[in-house]
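What follows is a single chain, given as structure tokens, in the form predicted alone.
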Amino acid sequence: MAMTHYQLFINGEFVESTAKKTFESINPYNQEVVATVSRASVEDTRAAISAARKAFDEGPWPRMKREERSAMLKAISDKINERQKELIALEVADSGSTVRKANEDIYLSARNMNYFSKLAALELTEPVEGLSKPGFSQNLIIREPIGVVGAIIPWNFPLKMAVWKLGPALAAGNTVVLKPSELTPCTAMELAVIIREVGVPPGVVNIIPGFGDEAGEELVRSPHVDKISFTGSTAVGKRVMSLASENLKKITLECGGKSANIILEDADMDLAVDGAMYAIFYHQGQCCEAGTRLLLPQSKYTEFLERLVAKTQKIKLGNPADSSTDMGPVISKKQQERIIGYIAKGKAEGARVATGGQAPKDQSLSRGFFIEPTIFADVDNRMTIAQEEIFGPVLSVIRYESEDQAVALANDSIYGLGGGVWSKNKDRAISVAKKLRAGTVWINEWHLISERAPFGGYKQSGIGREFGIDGLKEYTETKHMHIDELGTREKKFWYDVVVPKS
């Protein structure tokens, strides 16, 4: 793939950083430079915010007919589909995603934007039933765009996350400043090209690749930004929340997870073994809602673990652009070292490495940031590897004696993003699922998130929801409008409480 240079996208134009600084986006498989990218400074961020502010306060986007906004978002979806092959290749090179995963991601990005285009056409005004007698007053709930949205996305699903933020924000009539991760900026910048091509008015979408301590903090702190939508680690989410509190900015936070995957005694073992692997090793474990804690009943512990380990050892690590590759590299050298550090901590605290546990020794993988798929057995839920988010292909296997204990272990976490229950008895599985303190619970499944259903976390996994009508409402202000139908002073006897009679 030929190297590309990406500029900032501000007020409908591609421009260089005012500080003339750039950074490189690195392919985590071979450390080759995928692109050079303009690095947004504080000044650039302010320019993007100013463009978005003017576009919201004075421009056509919030005042446009719903059907027109809907058509424009549909055009973005269509363009993503048209450029599918190119975007897949870029996502693989930029993020280390396997081509099999990237193919799904680009398809879902287009589908998600198509769904948001339909939400854009919705009438967001509704009557309040039962509040008033006929002829007394009419009462309406009106949902209006918040204003300027600052969107900050992570590196694990670059294009999909950009769409997750832009879609509902734009559908509701807001303007946006989007900061992609400095580790994976490329497909977000290609999305800027598409946005310009379909004719979205200048300033409605601004995309500024940069670093958190410059562009990110300015975006969160600015009094001219009305809402922040952030996806990333809980630690950074707390920082965002703290900075946003300076002017009581509205926030949506989708943060970390340490999701528990409960296998009940009557689970289909073939299905559950494969499901447990999918839950943790999909995208090298770099998913916020990955099934990182596997809870096994004592009666099935040894057999399930043996089958899981045997199958895990067949996972093929390799070039993510090769369709036969099951797992690619993790995102960066820093992340690779962080994961190895957690593995060392797991060993030191007494957990047993059942398979994996290091960077592969295969010389053909030596330039990539690879970690072997790793399974820790005999894990105590109090161990660091069971409590902290590792964000890599590391599974903690924990045994339990009873269903109640399994639920207690699952809920013994500061996080509450996802969870899973595996059983042939659907009613039993639903009963257990209802007891889990998590925003999404799968039964005999994992990772399937729909743009039609709300997604988000309990506890320190976040605030608010993305997707569905709930996700759209996160990007709106709610106004109650009371419309008098009495029409005359004489009928308004309550005025007599204060107003002197003439």
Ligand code: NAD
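Residues carry their position along the shown sequence, with the first being 1. Note that this is a predicted model, so its numbers are computed, not measured.
Here the subject shifts to the form predicted together with this ligand, a form of this protein not shown in this document.
Peer 1: Considering K118, R239, R352, K311, which brings a non-hydrogen atom within 4.5 Å of this ligand in the predicted bound form?
Peer 2: Of the listed residues, the single hit is R239.
Peer 1: Counting non-hydrogen atoms within 4.5 angstroms of this ligand in the predicted bound form, say which of W155, Y301, F281, F370 makes the cut.
Peer 2: Contact with this ligand in the predicted bound form is made by W155 alone.
Peer 1: Would you classify R293 as touching this ligand in the predicted bound form, given a 4.5 Å non-hydrogen atom cut-off?
Peer 2: Flag for R293 set to no.
Peer 1: Would you classify G257 as touching this ligand in the predicted bound form, given a 4.5 Å non-hydrogen atom cut-off?
Peer 2: Because a heavy atom of G257 falls inside 4.5 Å of this ligand in the predicted bound form, the answer is yes.
Peer 1: Give a yes/no on whether W61 approaches this ligand to within 4.5 Å in the predicted bound form, heavy atoms considered.
Peer 2: Contact check for W61: no, nothing within 4.5 Å of this ligand in the predicted bound form.
Peer 1: Can any non-hydrogen atom of A171 be found within 4.5 angstroms of this ligand in the predicted bound form?
Peer 2: No.
Peer 1: Partner absent here, but in the predicted bound form, which of 98-106, 373-381, 155-163, 302-310 has residues with a heavy atom within 4.5 Å of this ligand?
Peer 2: Going by heavy atoms within 4.5 Å, the stretch is 155-163.
Peer 1: Using a 4.5 Å heavy atom cut-off, are A276, V394 and Y458 all in contact with this ligand in the predicted bound form?
Peer 2: No: none of A276, V394 and Y458 comes within 4.5 Å of this ligand in the predicted bound form.
Peer 1: Given a 4.5 Å distance limit between heavy atoms, list every residue of 167-185 close to this ligand in the predicted bound form, or none if there are none.
Peer 2: Going through 167-185 in order - heavy atoms within 4.5 Å of this ligand in the predicted bound form - the hits are K179, P180, S181, E182.
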